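Here we start with a single chain on its own, the form predicted on its own, put down as structure tokens.
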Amino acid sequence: MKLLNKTGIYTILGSALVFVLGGFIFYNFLNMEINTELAEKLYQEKYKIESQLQKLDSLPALILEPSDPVQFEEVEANEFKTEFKFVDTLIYDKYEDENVPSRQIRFYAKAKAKIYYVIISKSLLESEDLVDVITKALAILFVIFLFFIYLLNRFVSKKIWSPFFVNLNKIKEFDLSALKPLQLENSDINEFKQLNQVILNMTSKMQGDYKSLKEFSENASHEIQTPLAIIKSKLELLIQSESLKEDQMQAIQSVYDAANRLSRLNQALILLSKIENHQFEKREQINFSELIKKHISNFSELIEAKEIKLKQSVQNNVILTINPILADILISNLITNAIKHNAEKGEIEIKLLADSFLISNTGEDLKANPLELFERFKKENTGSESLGLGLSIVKKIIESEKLLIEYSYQKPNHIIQIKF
């Protein structure tokens, strides 16, 4: 969920809670005030009746409002009490033609010679209608106010958070390999200023580390390969010497093989480092069909020498936007892996479609976790001469080019599929 939407939802929910609570309090307060006012009116009318009875010794005629029914009942003198009480009840109203809620005051009143039990009633209908009208008006006002709060919140939030979203887009587009400093939008909000400073410091350090790592990769390639090349050339000269004994020859051959393995290992690690550091950014449209056919032709002699049966189905003119160097390494590593780990007189199947590339080879049952095969230095056979970096390089290329790779084992076939 977007930040502004989430902020707006929380604002509306908070406002709604406050308004509902406030409305409940207001409703009860309004009812209390109306009831108090009604009680005062009934009490005043009680006082008028008592005064008239005591002074004039007659029942009142027009001193009360016509809409307020008054009942008089003559009682015995010994029933007289000074207490009075309020009672809520329903009284039939001929104008409304229904029973309407009413409040009554009931009391005893003295005339000069008689005692009366008096009931004065007042309709609550008008009060309830008034409360209903006020409640509806407040509800409408509440909805309008919430809508206004929502719009105001979005407007203010957009204005306040505008530098943040601008900077967020700039960070998304930030290219570490370009070695250009990140330019962020200025803000007068202290927290955004601090965030900008932290991001600038962090990206500056990242660029420095990236530059150092890139220089190390480039220097390591030259500095390590040169002495290894010298070692290999000297060993080759020693191997050609006729004065060496057989055990000396075997020792030199072991050293030569180790130097050769170290050279390949160095090249593979440097390649991985370059891929991870995005040093193969240039992409172009290449004919993937022709590239696969070229590699099949290059490996045909090795495939025949190992008596491997090759099945191929390559769709013509499959165009893929990819770095050409990485594409070449990708296909070469996959075919090499299929040959190296194949069963004796096994099979290789290569299939290219418009949206996928598949290569499978026969081989021994899989013992390792399939997910570990793409990790560095992970290999099925620990005694193998393989460096354990071939599939790791393949995985890094796939991630770099934003493709998808899947591995599956369907005895006796190991299947790798790449989806474009």
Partner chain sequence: MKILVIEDEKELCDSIVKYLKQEGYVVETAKDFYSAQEKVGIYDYDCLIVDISLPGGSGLDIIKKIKKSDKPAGIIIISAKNSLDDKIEGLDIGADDYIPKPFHLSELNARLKSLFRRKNFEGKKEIVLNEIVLIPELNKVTINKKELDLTKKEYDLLMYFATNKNRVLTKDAIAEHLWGDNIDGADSLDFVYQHVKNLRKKIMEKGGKDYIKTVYSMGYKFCID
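Quick caveat: nothing in here was measured; it's all calculated off a predicted structure. Residue numbers count along the first chain shown, from 1.
One more form of this protein should be noted, the form predicted in complex with the partner chain, which is absent from this view; the next part is about it.
Contact with the partner chain, judged by heavy atoms within 4.5 Å in the predicted complex, is confined among 242 to 250, 150 to 158, 136 to 144, 168 to 176 to 242 to 250. Remark: all three candidate residues (Q225, N260 and A305) come within 4.5 Å of the partner chain in the predicted complex, counting heavy atoms only. Shown without its partner, this chain lists M202, A77, L90, I230 as candidates; in the predicted complex, only I230 has a non-hydrogen atom within 4.5 angstroms of the partner chain. K234 is the sole member of K234, H278, K309, K293 with a non-hydrogen atom lying within 4.5 angstroms of the partner chain in the predicted complex. Contact annotation for I350: none of its heavy atoms lies within 4.5 Å of the partner chain in the predicted complex. When contacts are judged by a 4.5 Å heavy atom cut-off, I105 does not count as touching the partner chain in the predicted complex. In the predicted complex, the partner chain stays beyond 4.5 Å of every heavy atom belonging to D209. Residue contact check for K122: none of its heavy atoms lie within 4.5 Å of the partner chain in the predicted complex.
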